[in-house]
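What follows is a single chain, given as structure tokens, in the form predicted alone.
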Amino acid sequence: MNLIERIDHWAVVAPEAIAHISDGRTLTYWELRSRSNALACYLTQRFGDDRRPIAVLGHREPEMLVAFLGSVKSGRPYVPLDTALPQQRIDKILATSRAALVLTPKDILEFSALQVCSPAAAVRGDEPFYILFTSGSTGEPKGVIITLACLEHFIAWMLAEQRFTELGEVFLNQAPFSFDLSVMDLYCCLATAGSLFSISRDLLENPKKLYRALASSGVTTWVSTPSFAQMCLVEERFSEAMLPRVRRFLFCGETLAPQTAAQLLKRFPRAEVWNTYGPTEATVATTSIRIDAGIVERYSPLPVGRPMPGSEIFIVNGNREVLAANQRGEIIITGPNVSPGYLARPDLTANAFFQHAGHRAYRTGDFGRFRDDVLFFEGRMDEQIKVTGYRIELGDVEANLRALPTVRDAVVLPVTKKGAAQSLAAFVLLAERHETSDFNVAHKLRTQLGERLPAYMLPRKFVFLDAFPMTANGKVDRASLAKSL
């Protein structure tokens, strides 16, 4: 069975099992199969041999899952779009993808209630399964093509490593479907007949309702960005008592701070904490490692792990020469999980993708190195700035700040004047606070940081926050922080 057939199989084995829960609405596996089949028939009848993508615009409604499967069952990839995206960005994505149709939850309800047939032209092998748009350096979104084969390789790895209990898991869905982290919880869930518990915008905006929802969710597998977990940890009741069934925390999309991992291990002593790494272009994640107390104590920043079976990661210099262990360079990913490239952008594809030993390879633009046979992510190459003539990597400063005992998390940004970086500002979440004066706390941190970094890399300004603002994807909203400078 391929992934699509495996998901459909659960409609026969456990037709009444709940596939998705969102805002009190549920979708069973029987409903998911029958409605997606009906939608696939509608798309086939309407568009025939036209295999252009189908755009799906919504916000965590059960109908979105119906549309995703209905699209691929008709042989067409889907483009997930969240209603939180600015309209201008949605318009750009629709223009770039040349979507044959934009489906809203209302449309999906209507079209999936029509006659049911047996779709015969589902996506297979190296055909595009979904196209996910990420930010481009020019401001134009780039459509990353992920094939069924890419997705199946990723899911097979996750299932083998995590050993999810079939018909026994509740997966937290924190990331919107337009963000590739959601692929981890969505398809690991559907492949194992789990229940996907979606966190809506309404819950995110109301902490009391959020914690009530989490307490009643029965979540066993927590999938989120580290920022979302850190936000939840501000609430003292966020512990095993609130989520007694949680078995594992899976993180991707951002740097997992040692303090965040340590707090989770303390509050959820029976749960595992996993750190993963990978760009959208390599199907969500390529490396993983279980973080325990020994790793937290030994490493700062935390490692992101070892590559999945069948994939390879190596570190190269500017001439694409492979570097030895413990040398810093660009992270290259190669293997069957690597995307074939960007939609309708052969120029960008040629710049970022290449062939290596018979497999597709991707230049991540991320700094990293191997130490003790595990990979460490060390920031974006494009986050390098110049201050008073010195080249500084923001991720380097952030990692050293996070390594300080009183710092829970940190974001470092340049302070610019007339388009040039003049100094650095650090936004800091403290693990504990004994000093009442921000000046005294900042002075102590700067002194401690000065023992690890040269003077030109030390932030001039420190801003102390209780929590970072977050984007709709659940990542730290750096743009919002920058506006406050």
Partner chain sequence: MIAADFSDKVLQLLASVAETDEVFANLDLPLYECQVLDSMRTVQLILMVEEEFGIKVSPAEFERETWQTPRKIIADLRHRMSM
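Numbering follows the first chain given and starts at 1. The structure displayed is predicted, hence computed values, not measured ones.
This protein has a second form, the form predicted in complex with its partner chain, left out of what is shown; the following refers to that one.
Among Thr134, Thr388, Ser216, Gln384, which has at least one heavy atom within 4.5 Å of its partner chain in the model of the complex?
Residue within 4.5 Å of the partner: Thr388.
Of Ala293, Leu159, Val234, Cys117, which residue is found within 4.5 angstroms of its partner chain in the model of the complex when only non-hydrogen atoms are counted?
Residue within 4.5 Å of the partner: Val234.
Option from 26 to 34, 443 to 451, 62 to 70, 49 to 57 whose residues, in the model of the complex, bring a heavy atom within 4.5 Å of its partner chain
Stretch 443 to 451 is the one.
Does at least one non-hydrogen atom of Asp373 fall within 4.5 angstroms of its partner chain in the model of the complex?
No, Asp373 stays farther than 4.5 Å from its partner chain in the model of the complex.
4.5 angstroms heavy atom contact with its partner chain in the model of the complex for Glu205:
Judged by the heavy-atom cut-off of 4.5 Å, Glu205 is in contact with its partner chain in the model of the complex.
Heavy atom of Arg460 within 4.5 Å of its partner chain in the model of the complex:
Close contact exists here: in the model of the complex, Arg460 approaches its partner chain to within 4.5 Å, heavy atoms only.
Looking at the partner-bound form in the model of the complex, is Gln45 within 4.5 Å of its partner chain by any heavy atom?
Result no; Gln45 lies far from its partner chain in the model of the complex.
Are all three of Gln327, Phe353 and Phe464 close to its partner chain in the model of the complex, meaning a heavy atom of each within 4.5 Å?
Answer is no for this spot.
Relative Cα spacing, Thr447 and Phe377, in the model of the complex - shift of 3 Å or more
Distance between the C-alphas of Phe377 and Thr447: longer in the model of the complex, by 3 Å or more.
Check Pro454 against Ala257 at the C-alpha atoms and report closer or farther in the model of the complex, compared with the shown form; the change is 3 Å or more.
Relative to the shown form, the pair is farther apart.
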